[in-house]
Structure formats: structure tokens, C-alpha cells
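In C-alpha cells, one chain follows: the form predicted alone.
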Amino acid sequence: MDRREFLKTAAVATAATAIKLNAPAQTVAADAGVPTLVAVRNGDPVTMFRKGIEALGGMKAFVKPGQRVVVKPNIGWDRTPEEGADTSPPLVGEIIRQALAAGASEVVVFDHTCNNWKSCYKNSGIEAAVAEAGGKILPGNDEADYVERTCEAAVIMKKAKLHKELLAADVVINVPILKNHGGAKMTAAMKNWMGVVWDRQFMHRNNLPQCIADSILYRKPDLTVVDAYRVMISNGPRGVSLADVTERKYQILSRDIVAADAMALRIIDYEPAKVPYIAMAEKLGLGIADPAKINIRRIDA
């Protein structure tokens, strides 16, 4: 199902409740109350986040006074923001500011990068955004910062080393960028969790889609915010040139990481069969993969 259908079809299974492309802002799916997922379009990343988080009850619905917060963006590549390989720096900064305003004692940001971590942090613009917002950015390149855990519920990855900051956090906010990926086909919410795991080669060698689903069992994020403003539609995850990137101006917010990826499929125009880890994660009880079962609120920013 393509992006246009994503915007037109409501979460309920009747044509009568379909949301049209010209629907007014804050059109709500049939179920009342706080939605499972908020899909925002046609704004800059900061504006879309402000509207989306408000629809989920505000940042205070996630962060309580005195809590330690981890924000996990994609900072994996030594690329500039325009190249669409890393999460939007202004979006990361806004999430940090709102978490601190909600009473967080500290907001920590890290990623296990693919390129040199210092270059990734600097050239992505995220290091500067974190500092300006009052957060603390930490490296993810040292094995000593990872703690081994086991998970019998995992299908394949029953043992893994995860970053100690993730394990110590009271609240975890997952902030991936949506893009094409050569191996996993799509990288967004769940694929971003490879950046909290030390031995990613194990995942690549042992059924990558299943290991991606397994990794979420170790620590589910409390909130996922998918940055789909600039979407890398080819040559991902690093990209070759600006021709790989298109502006789609979307953002997805949800407590359900599986639902977030299910909706991301529609923005990047992929069929579910192309990204099997979504169904695998649903089978593990990690969330909802069927869009017809997701209570969605759609907002025009």
C-alpha cells in the first residue's frame, strides 16, 4: 500500500471512516481517547513533534520529575543533515528540551555508529543540537560500556551486550530516521535498535530480521518518533548523493514500536513482505503490525 493510501485510510476497517487527503488538522480515527499512533505531515520536524506529542498527552505523559532519559537517534553515519542518513538535529534538540521541561534529571544521547563516532556526532549536527538543548552526548564505541544480558524469549539472539545507559534509563525515546537499507530493506524504528547492541555482526550473520525483532525484547522504548521528513529512498543506509533523498515531510509517534514501523512502510512505499522483522516482532508480542487494528490520529501541521 502506497503513501497516498496511508494518508487516505483510517485505522478502522470501513470506507465510511476513511480520512481524505484534504482532511482538516487533527482528524481522529474512530476510537476515542489517546491514540496508539500519531501521524503528522507537512511541517518541519520540530513543529510536527510538538503537535504529535501533544496528541499523545504531552511529554509529561512519558517523563516524570527526576527521571533519567535516554534519547536514541540514528547518528550512524558521517553525513550532513541534508543527506538524510541521520536523524534531524532540531528534532533531537526539541525532544531533549521537552524532556527536561517535563522534569527529567538528565537526558543522555548516544549511538553505536558505523563510521567514526566523533565525525558522525559532529557532522550530523546532532552533537551541537544536544549541547544547545542541555542534553549530554556519550560515545557508543567502547565495548566496556556494554553490559551482557540474556533473554529466553528471543528466537535467536538469546544473549546480547547492550549499552549501559539504555539499561539504566527510566525512560527511553527512540528517534530513528526512515530510509532504505541494503540488508534489512528498511531502517526505521526497530532497526535503529542495532545502535544499542555491541555485536552487530552476530545479528548480520544469524537471520538479521529475526535478530532485529529479538533486540527489542531487551528494552522496549517508551516512545518512538520516526523522522520521515527527508527519506533516503535508495542506496541506504549511508547514501551516495542528494539524489537518494526525497522530502516526504512526515513524522510518526507511538508507544508501539511495531506499529511505528508498520506505518513507516507506507511512507517509503514498501510491502510488508519486504520487511519481515515487523511480523516477527508482532509474533513476539511486541506490538501491532496490522494497520487496520491501530488507533491512528492524523494531523496536518
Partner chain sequence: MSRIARRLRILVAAIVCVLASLGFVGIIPMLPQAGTSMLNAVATGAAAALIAALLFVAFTYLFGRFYCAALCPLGILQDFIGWISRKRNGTRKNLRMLRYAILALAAGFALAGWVVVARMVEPFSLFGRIFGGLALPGFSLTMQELGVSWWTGAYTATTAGMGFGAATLLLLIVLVWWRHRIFCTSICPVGTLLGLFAKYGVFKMALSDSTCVHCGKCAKACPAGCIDVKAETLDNERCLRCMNCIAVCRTRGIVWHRGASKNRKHAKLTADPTRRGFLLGMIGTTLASFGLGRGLKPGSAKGVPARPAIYPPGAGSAERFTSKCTACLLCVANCRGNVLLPPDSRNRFVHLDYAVGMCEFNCNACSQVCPTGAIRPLALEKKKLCRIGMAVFHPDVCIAVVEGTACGACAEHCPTGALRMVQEPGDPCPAPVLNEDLCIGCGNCSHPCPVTPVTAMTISPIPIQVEAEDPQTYFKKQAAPLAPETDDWLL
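It should be emphasised that the depicted structure is a prediction, and the values quoted were computed from it without experimental measurement. Positions refer to the first chain, counted from 1.
The next section is about a form of this same protein that is not shown, the form predicted together with its partner chain.
**Q** Identify, from the list 118, 220, 97, 159, the residue with a heavy atom within 4.5 Å of its partner chain in the model of the complex.
**A** Exactly one residue meets the criterion: 118.
**Q** Does the 4.5 Å heavy atom contact test between residue 246 and its partner chain in the model of the complex come out positive?
**A** Yes - in the model of the complex, heavy atoms of residue 246 and its partner chain come within 4.5 Å of each other.
**Q** May I ask you to check whether residue 114 falls inside a 4.5 Å heavy atom distance of its partner chain in the model of the complex?
**A** Residue 114: contacts its partner chain in the model of the complex.
**Q** Can you tell me whether residue 72 touches its partner chain? I mean in the model of the complex, with a 4.5 angstroms heavy atom cut-off.
**A** Taking the distances in the model of the complex, the answer for residue 72 is no, it never comes within 4.5 Å of its partner chain.
**Q** Does the 4.5 Å heavy atom contact test between residue 208 and its partner chain in the model of the complex come out positive?
**A** Because a heavy atom of residue 208 falls inside 4.5 Å of its partner chain in the model of the complex, the answer is yes.
**Q** Taking 4.5 angstroms as the heavy atom distance cut-off, pick the stretch from 146-154, 178-186, 102-110, 87-95 that is near its partner chain in the model of the complex.
**A** Going through the listed ranges, the match is 178-186.
**Q** Counting heavy atoms only and using a 4.5 Å cut-off, do 136, 171 and 279 all touch its partner chain in the model of the complex?
**A** Zero of three within 4.5 Å in the model of the complex.
**Q** Can you list, in sequence order, the residues from 221-237 that come within 4.5 Å of its partner chain in the model of the complex, counting heavy atoms only?
**A** The stretch touches the partner through 233, 235, 237.
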